[in-house]
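Laid out below as structure tokens are two forms of one and the same protein chain, each shown alone and named structure 1 and structure 2.
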Structure 1
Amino acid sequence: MHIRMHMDSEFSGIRERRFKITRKYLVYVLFALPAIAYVIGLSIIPAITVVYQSFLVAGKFSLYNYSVLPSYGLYASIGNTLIVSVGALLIQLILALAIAMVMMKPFAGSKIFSSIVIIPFGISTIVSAFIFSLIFTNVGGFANGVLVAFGFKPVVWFSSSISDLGVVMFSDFWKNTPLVALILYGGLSSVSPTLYEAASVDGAGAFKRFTHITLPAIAPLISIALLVRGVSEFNIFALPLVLIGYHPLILNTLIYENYSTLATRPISYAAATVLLLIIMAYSIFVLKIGGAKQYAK
């Protein structure tokens, strides 16, 4: 009996202290709580509000907003958004890979070079949009100035939807390539140079070394870049707004155009919900394809 009592008190003590350990962790969670609450309050709740409002017509649940969306140019704007995003991503990946690979090599002026290609990272999107609007002016403009100086014919840049979108997707490279280049450069610098030397000794040419060593090494980083940049690409707003206005429409300009008129605001909520879905689908796709392992870390 005496032993039993002793055991009991011992174990209740243990239980009490166990609770204390979780309480210690709770303190650390409390440190993080303001930031987490801020992010939830200002993003999840608004996002839920948007989705909720998109299903409301005169206070009642309805799919009306979605049923009229196509007549506001939904399908074209989704197509245009995809064209711009995919095109811009490709341009940025290729340029970034070139920059990252060049930065791996020693050459005179490499410091100045890396400054020049990284500085645009800090440029405001709106400044970039303004400058490219000066470069790609329909009549005249600096791009045509270059073409004419080299004896080519000037181009009417904003002549069709496709060329309009082309200008947007190209202009996006300036501000956003540096980040992709920095990510890829991080991947390239982690490859041991001895690996390349060994491959050279084994008779692998430059192309084989690229496909067998470089690409596998940076494949996970490419998927990270695709995720980070791809999501932002779906969100581009200032650039198309300045360069092409509302014609042709992309999803973001469609959302904004309808938001700015009170009568069509529910339409903008529905379009925003569609954009949210596309971005979620894209993120899941990229994570499943390539980044899942990295992401899990």
Structure 2
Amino acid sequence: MHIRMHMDSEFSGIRERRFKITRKYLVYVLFALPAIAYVIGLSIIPAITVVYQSFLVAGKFSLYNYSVLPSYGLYASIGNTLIVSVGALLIQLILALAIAMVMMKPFAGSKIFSSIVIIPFGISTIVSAFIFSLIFTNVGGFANGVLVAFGFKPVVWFSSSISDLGVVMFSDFWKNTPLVALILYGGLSSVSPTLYEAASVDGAGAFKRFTHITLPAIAPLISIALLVRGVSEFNIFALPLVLIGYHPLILNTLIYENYSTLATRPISYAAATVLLLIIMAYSIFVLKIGGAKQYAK
């Protein structure tokens, strides 16, 4: 009888703990419901609708919209998007890592330096695009002014597809590097100084400490930064639209150009689906090899 009462008491305690845990998670879910509703209503449902509409021609299922996409500049726009996105990401990552490592060092004016670093990220995309359009103006632009001051000839910045994409890439990494720097700074801040001290005692130089301590420690955050910024890079739109217009095309300007008329709107749906597939493939790739899974654990 005593044993049975003891077992009933234990079971009662387990049920009570389970109820508390369930209630706690239910509260978390309730707080998350607005965000979940936002994502479902403004992201998932529209995405599914666009994918579905991309396969319709006169109300019937067809691959026609995809078959004509190459004639609208699909391959060139994919290549241009990859050039801008991958190039800007690499520059952002390298420059942001250097900035984050400088921010880790205590020095006079470090707070001012950190504040200046963050400024570009706070500027509106349209405003920064307009500023860079003035900087790279062929006559009277700041970029050519600097070149002339150092004895070089002025450059016609918007003279070819490569230079056009280069201007977009430069403008993009200038604006978004601070976000990556802040993410990496958080990772560097979590690395214990004792690890570096122990490595120094063992005779490890600066390069070995960087490759064997710093990089492995911040690898998960690098993958998160690449994921967050990579998705945004593939969705880049305002900067190229202001700086170079519709030529050379990138995927989002191709989508917008065809969406503006009813006759070509299904073509824009197909191009948007292609962009979605590219973003999904990139995200899976980063999550697969980038260490975000280990970070989540």
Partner chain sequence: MPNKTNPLIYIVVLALALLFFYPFWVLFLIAFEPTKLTFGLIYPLQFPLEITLTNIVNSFNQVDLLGPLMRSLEVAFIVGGLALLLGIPAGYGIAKLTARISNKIIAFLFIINMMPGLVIAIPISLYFYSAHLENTVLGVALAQELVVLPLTVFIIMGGFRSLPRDLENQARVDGAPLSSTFARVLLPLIRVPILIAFILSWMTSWDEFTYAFIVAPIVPTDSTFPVALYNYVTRDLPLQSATFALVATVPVIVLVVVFQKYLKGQYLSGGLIG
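Between two forms, the rigid core is the largest collection of C-alphas that superpose within 1.5 Å. Bear in mind the structure is a predicted one, so any value in this text is a computation, not a measurement. Numbers follow structure 1, counted from its first residue as 1.
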Exercise. Pick out the form predicted alone: structure 1 or structure 2.
Key: 2
Self-check item: Yes/no, Ala32 Cα shift of 2 Å or more between the two structures with rigid core fixed
Solution: yes
